[in-house]
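There is one chain below, alone, in structure tokens, taken in the form predicted alone.
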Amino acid sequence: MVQTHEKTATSPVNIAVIKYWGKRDTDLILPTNSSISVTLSKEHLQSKTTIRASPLFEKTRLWLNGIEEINLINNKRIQNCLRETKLLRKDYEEKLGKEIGMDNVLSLSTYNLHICSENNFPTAAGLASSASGFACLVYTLSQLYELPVSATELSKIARQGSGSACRSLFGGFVSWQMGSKRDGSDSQALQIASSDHWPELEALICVISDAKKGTSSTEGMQSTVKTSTLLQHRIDNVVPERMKLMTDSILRKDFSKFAELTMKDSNQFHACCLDTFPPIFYLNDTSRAIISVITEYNDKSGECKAAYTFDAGPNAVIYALKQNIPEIINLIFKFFPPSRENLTFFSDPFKLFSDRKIGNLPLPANFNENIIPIFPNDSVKQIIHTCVGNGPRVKNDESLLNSDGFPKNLKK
């Protein structure tokens, strides 16, 4: 009987509070500026990957969401991750061979792989699916190959799949150091603080569109690098100072400063997109209306009690402290109501509204109800309430492959 080897793991989404936008090297995916993100809980947003190695597999194959097979020959980013992890495994096998003899070492680096990966949230809609997906791929490979390397070393490989993926190798609060070396050896992720450092911080993801965005992040950022004069000012004069201030606000758990920096950096990122020629529009009317609601909420509160941020898409992420989350959810319900048929709009995972009806709570004192009109039903399709979470984890009891090594959902 031929022995197969398999690992399954999950990896989280991370949402940047100091944005990465632009590459100084498109092949190695080396960024033009450093960035900071918050890793969100895998309970609500995750990628899951199963990888099986077998000498019987004729070639390495990969399926997304159990259905779509990816053409690996033309996918340089996936090939980069496969190549780099396989080289590490080969080096590890040679080292073990010297210690215990090559006859006692399993040559996993020579086996082809069957890989199945799935997300429990929309792909390519600006919700960091590529970050969690590539982080999961590299982490699962590292577990399959039993690689004796750190998460920071793995982050350098994940970065070559998707830049932001390097940050999803860690839980909590993560810095991606842009580095300066041409070979990318110092462009890596480091953890600023663990997931339990600031338990009061939570997040609301307002899903406005689950459709694939019109301008991909890869295409968009390179257009910005070529044509935006504002981006160069951001790289040289803004981000370095914000990196220091944001790190300090996280370590001191200063939400007011954290919120101010988060919103300013989101605004400037999208200003750079508008400064691109031709301009790139990731936000839509609903996105801008959410900005107005959060701005009014903070203004009438006399302090920053919520922070909006938008990646390369229209979907809003709102950071807030736990005690203020019910007020914010109530505002979203009031101005962006769900239809009666939309049963998935909000599942209330933390049981905040067991004895209260969402949308009928009083508005904050002096809140201007006319700040925006009430939007048509389902302008916000879903609210995902989540919190700060851990990095990747092994889940070997949740394989996505059947006994033959093919996705369980695949219809033959």
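Remember, it's a predicted structure, so these values are computed and weren't measured experimentally. For every residue, the number given is its place in the sequence shown, counted from 1.
One more form of this protein exists, namely the form predicted in complex with a small molecule; it is left out here, but the text below deals with it.
Please check if F269 has a heavy atom lying within 4.5 Å of any heavy atom of the small molecule in the model of the complex. Yes - in the model of the complex, heavy atoms of F269 and the small molecule come within 4.5 Å of each other.
Exercise: N315 in contact with the small molecule in the model of the complex, heavy atom 4.5 Å: No - in the model of the complex, heavy atoms of N315 and the small molecule never come within 4.5 Å of each other.
Is S228 close enough to the small molecule in the model of the complex to count, meaning some heavy atom within 4.5 Å? Heavy-atom contact with the small molecule at 4.5 Å: absent for S228.
Can you tell me whether K23 touches the small molecule? I mean in the model of the complex, with a 4.5 angstroms heavy atom cut-off. Yes, contact at 4.5 Å.
Taking the partner as it appears in the model of the complex, which of 201 to 209, 101 to 109, 306 to 314, 335 to 343 has residues with heavy atoms within 4.5 Å of the small molecule? Residues of 306 to 314 come within 4.5 Å of the partner.
Could you spot which one of V380, L45, I29, A53 gets a heavy atom to within 4.5 Å of the small molecule in the model of the complex? Going through each option in turn, the one that passes is I29.
Only one of K156, R77, K86, R242 has a non-hydrogen atom within 4.5 angstroms of the small molecule in the model of the complex; which is it? For this set of options, the contacting one is R77.
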